[in-house]
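We give structure tokens for two forms of one protein chain below, kept apart as structure 1 and structure 2.
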Structure 1
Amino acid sequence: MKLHEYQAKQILRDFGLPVPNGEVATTPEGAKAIAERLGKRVVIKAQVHMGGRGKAGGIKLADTPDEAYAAAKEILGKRLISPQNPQGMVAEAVLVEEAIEIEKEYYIGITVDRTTQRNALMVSQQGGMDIEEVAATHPEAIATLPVDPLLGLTDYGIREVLFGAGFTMEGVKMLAPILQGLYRAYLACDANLAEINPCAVTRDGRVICADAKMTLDENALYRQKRLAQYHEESIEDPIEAEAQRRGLAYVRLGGDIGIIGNGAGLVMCTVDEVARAGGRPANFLDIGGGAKADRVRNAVELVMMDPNVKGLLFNIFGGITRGDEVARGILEALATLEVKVPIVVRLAGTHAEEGRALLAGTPLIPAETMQEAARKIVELAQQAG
């Protein structure tokens, strides 16, 4: 569950870390009022879950409240598109906060290292840019410390990782409290990612968390009551948000072949087969075990919300899920929705013969195997253009 910058900064503030003064606005008038209260130069930052928002026009400086109004008016409601997020996201809120004069920018982050099965602290003097880019171009610039779960983040561990990143003892003294505070916040919030980028040193020598990013473990929300309210806001994609409301496991993949199956493993295999056949999967959608007709119809409607979909593939292996129920759901979807793309259906397992009998005589294209189904839907989608 991703948090917006302002939400992550509030958590850091609660743990005693220095963050710029600021508030969130959803209207230009609100942004102007915040700028007036701050009484100084401000920065207007789009609150969207995407990288590269600055290059996309989502961050602007304002010297006066009127300029803050104009900047917020330009950003709010705008679809921001970046190389990291070519589909773009619409900015529905902005963070208005005091602008700071930055002298140096550092990167500090904590995430789960599944290789060592520990939380890993990462530090770099090359802040202000994506850590993935730093890792690709200058891997030696990043120092990493696997944190012992029993000992926690020790003082000598902090010195080790900061010295490894090239900091002097002065830098250690300056950044050690930031690392300790970030680690406490990371654990307390059941996070699996926490970043301060940049962790800025101002011209007057202060250390400020100029930007913040946090991702929480959704499985721990039952004990994070205060943070659970951010859940729906955390979803980047509107179709994924709608899928969550409908209780469907859906992930948008950006291609043009819609995929529906039952069971995560089967759906992932289907995604691979579509790619192997030369297609581009549009989504992962698992209807789960025992899905009834109405759930299948909901799944079809959800997939067709993506305007890029040129073909739809059903791959159902019935165990608990019955083939005839899936067939009824598909027919209900065709009767009530305007579906203009070709649909290939592969039914196997429980009541598969009954399901295929229900679909006989319809425009749906049957397939005996997953591989055959993948080849057919890719060909049909390519013909559709």
Structure 2
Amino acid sequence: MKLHEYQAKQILRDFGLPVPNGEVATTPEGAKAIAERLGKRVVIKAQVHMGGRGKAGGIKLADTPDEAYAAAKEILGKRLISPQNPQGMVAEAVLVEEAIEIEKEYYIGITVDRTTQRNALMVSQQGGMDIEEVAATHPEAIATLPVDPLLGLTDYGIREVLFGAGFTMEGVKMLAPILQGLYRAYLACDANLAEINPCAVTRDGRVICADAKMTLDENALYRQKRLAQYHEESIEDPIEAEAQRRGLAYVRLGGDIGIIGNGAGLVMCTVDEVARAGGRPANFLDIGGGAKADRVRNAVELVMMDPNVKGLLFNIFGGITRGDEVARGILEALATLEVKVPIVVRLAGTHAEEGRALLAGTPLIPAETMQEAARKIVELAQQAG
């Protein structure tokens, strides 16, 4: 789960790290008001879950509240496109912060390193907008330290990684508290990525976290009550957000064949099978085990929220989930929903016979195997145009 810059910065602030003063606005008027309160030159930053906002035009400096208004007006609602994110994202909020006079830009990051099975701390003197390029062309400019979970981040570890990145003892004195704070925040939030880029040194010699990026482990949200509130906000797709509210695992895939199945593995197979039959899956939707009628109805509703869907494929293997339950769910959903696209149903396993009997005499198209089901729905969707 990705956090917005302003959310990550609030966490860093809570952990005592130096962060510029600022607030979030969703309108140009709001941005202007914040700039007036701050009473100095501000920077207006698009709050979108993507890197490279600077290059995409999502970061603007403003000397006066009126300029802040104009900058926010230009950023809000505009699609920002960067090399890291070619399809782009629309900013619905901007962070308005006091601008800082940046002298140097460092990179500091922590993430999970699966090879060493440690959290790895990374540091570079070449921070700023081109860190990906630095990583690709000058990997030696980034020093890495695998952190022993029992020892934690030690003073000698900090010296080792900073010297490795070419810092002097002066740099160690300046950055050690930042590294310690970031590491504490990372652990306390169950993050799997925390980055400060740039970690800026100002003209007057202060260090400040000019940008912050964090992603959290969703599996730990049960013990991160305060951060769980950010979860829904982190989901960009409205159908995915609705699925989250309804407790269903839905992923939008962009095609036109809606897919519902039980069990993540089976649904992934079905997605592949539809693609192999020449179709483009609209979504992944796992209704899980023991799916009852109302759950199936919820699932159909979700899939049909996508206006591109031209056909719907059910692939159910009855184990815990009984075939007749699913059949009843499908019929109930159709009775209340007026689904206009063709629906192919493949039922196998526990109570599949009973399920098929319930579906007989309805417009639903039965299929014996997953392959046959995929072929049929792709054909029907193509016919439907």
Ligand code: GDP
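When a residue number appears, read it as a position in the sequence of structure 1, where counting begins at 1. In this text, rigid core is short for the largest set of C-alphas that superpose within 1.5 Å between two forms. This is a predicted model, so every value here is computed, not measured.
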{"item": "Number assigned to the form predicted in complex with the ligand in this pair", "value": "2"}
{"item": "Large Cα move at H351 between structure 1 and structure 2, threshold 2 Å, rigid core", "value": "yes"}
{"item": "Threshold 2 Å Cα movement between structure 1 and structure 2 at I34, rigid core reference", "value": "no"}
{"item": "Did Y106 shift 2 Å or more between structure 1 and structure 2, C-alpha, core superposed", "value": "no"}
{"item": "Core-referenced Cα shift (Å), E132, between structure 1 and structure 2", "value": "2.8"}
{"item": "Cα displacement of G311 between structure 1 and structure 2, once the rigid core is superposed (Å)", "value": "10.5"}
